[in-house]
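First, one chain by itself: the form predicted on its own, in C-alpha cells.
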C-alpha cells in the first residue's frame, strides 16, 4: 500500500493560518495517529489529504503520485467520519453498496464484496436494517464497512469513536487494530484522546497550533517528549512539573535538591518533569533508582481499583502520584508521607523555550 508525504503544506482560511509548513511522511502500511488539542490542525490535515480542502501552499503525495490538485474521487482514499454519515432511508446493504454503485460496478461483484465485509465486521444479520434500527457501535461498523468495501489505497479516520460510550470505544479500538493487521492498508487516524493515540498508533504525530511538535513511536513520545507541550499533553494523569534551577549537576526547586548524575555542564532555569508513576513511597523503589526522600502532605486519594491517584501538597504546589492499592494502608489524607523520585525517569526542559534539555 502506498505511503503519504506532505511537503511544506500550509492552509489558510482567510487571514487565519491553520497549518504552517507541515512536513510529514507516513510509511506504507502504517497506522499513524494525529493527536493534539482542539484547533491544532489535525482534522484540517486529514481533510487536505482526502481532498476535501485545498492546500494554500505545498504539496501532497500518495505513493509517488502528486494528488495536490486532484479531486477526492481521483485519490482512491476512503474516509470515516465522526458522525458516520449514513443515509437513513437506505438499508445497511445499500449504504455499503452506495459508493460501488456510483462507480457502476457489476452488481455481482458488489454483493461479493459486501458479504465479505459483512462477515469481517459482524454485520451479516443487519444488512436488511436501516441506520435508525442500529446502535451507535453498529452504525460505526457500517461506516467502516462502506470504507473497506471500496478497497482504497488509504484509510482516513476522523475521530470515529468519539460518539461511543467508554466500554464500546475500547472494544472498537481493538477491532480497528485487528482490521488494520488483516488488511495492511495505510491508515491515518485523528483523535484528541491521547490514550487512544497511545494504544492504537504505530506512529504518533503530536500537533499544536498548526505545527507538528513531535513524531515518533508511542514509547518515544511518552518516555522522551521533545518539549513541554508534548510532555504535558501525553499521559494521564499528566506529568508533574517543578520549577527550579540546575547548578552543579543538581536540581533545586519546590523545596527539593536532587543530584542528577550524567546531566553534564548545563546550568540555569529549568523545569523538571516527573510522571505520576515515577513518584514512589519511600522504601518501595530500588535504592539505586531512588532519589533522596522528601516529605509531602496527602491531600486526596482517588481509588481506581488496583491503583490510586494520590494528590500531594509540596511547597504550595500539587503533585500527583500513582500508588498501588496494596500500599495505600500507609497513607491517610491530611498526613505527611515520605516520597522518592525515580531519577532514571526524570525529564528536564529549558524554562524559556520549553525544549527538552
Partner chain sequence: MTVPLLRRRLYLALQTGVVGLALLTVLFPFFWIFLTSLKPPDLVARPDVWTFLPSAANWREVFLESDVPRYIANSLLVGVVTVAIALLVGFPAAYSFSRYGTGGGLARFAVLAAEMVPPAVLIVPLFLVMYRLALTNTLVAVIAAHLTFVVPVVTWFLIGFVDEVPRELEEQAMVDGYTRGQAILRVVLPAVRPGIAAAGIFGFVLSWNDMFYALILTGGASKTLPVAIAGYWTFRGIEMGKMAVAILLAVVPVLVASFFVQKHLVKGLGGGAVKM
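What you are looking at is a predicted structure, and each value in this text was computed from that prediction instead of being measured. Residue numbers count along the first chain shown, from 1.
FYI, the form predicted in complex with its partner chain isn't displayed, but the following is about it.
Interface residue among 183, 209, 282, 90 relative to its partner chain in the predicted bound form, by the heavy atom within 4.5 Å criterion: 90.
When you look in the predicted bound form, the only residue of 254, 126, 228, 86 with a non-hydrogen atom within 4.5 Å of its partner chain is 86.
Every residue in the set 52, 98 and 102 has a non-hydrogen atom no more than 4.5 Å from its partner chain in the predicted bound form. For the chain shown alone, residue 78 is a contact residue for its partner chain in the predicted bound form, at least one non-hydrogen atom being within 4.5 angstroms.
Residue 73 belongs to the set of residues with a heavy atom inside 4.5 Å of its partner chain in the predicted bound form. Remark: residue 146 counts among the residues lining its partner chain in the predicted bound form, judged by a heavy atom distance of 4.5 Å or less. Interface membership of residue 320, defined by any non-hydrogen atom within 4.5 Å of its partner chain in the predicted bound form, is ruled out. Residue heavy atoms within 4.5 Å of its partner chain in the predicted bound form occur in exactly one stretch of 282-290, 78-86, 216-224, 242-250, and that stretch is 78-86.
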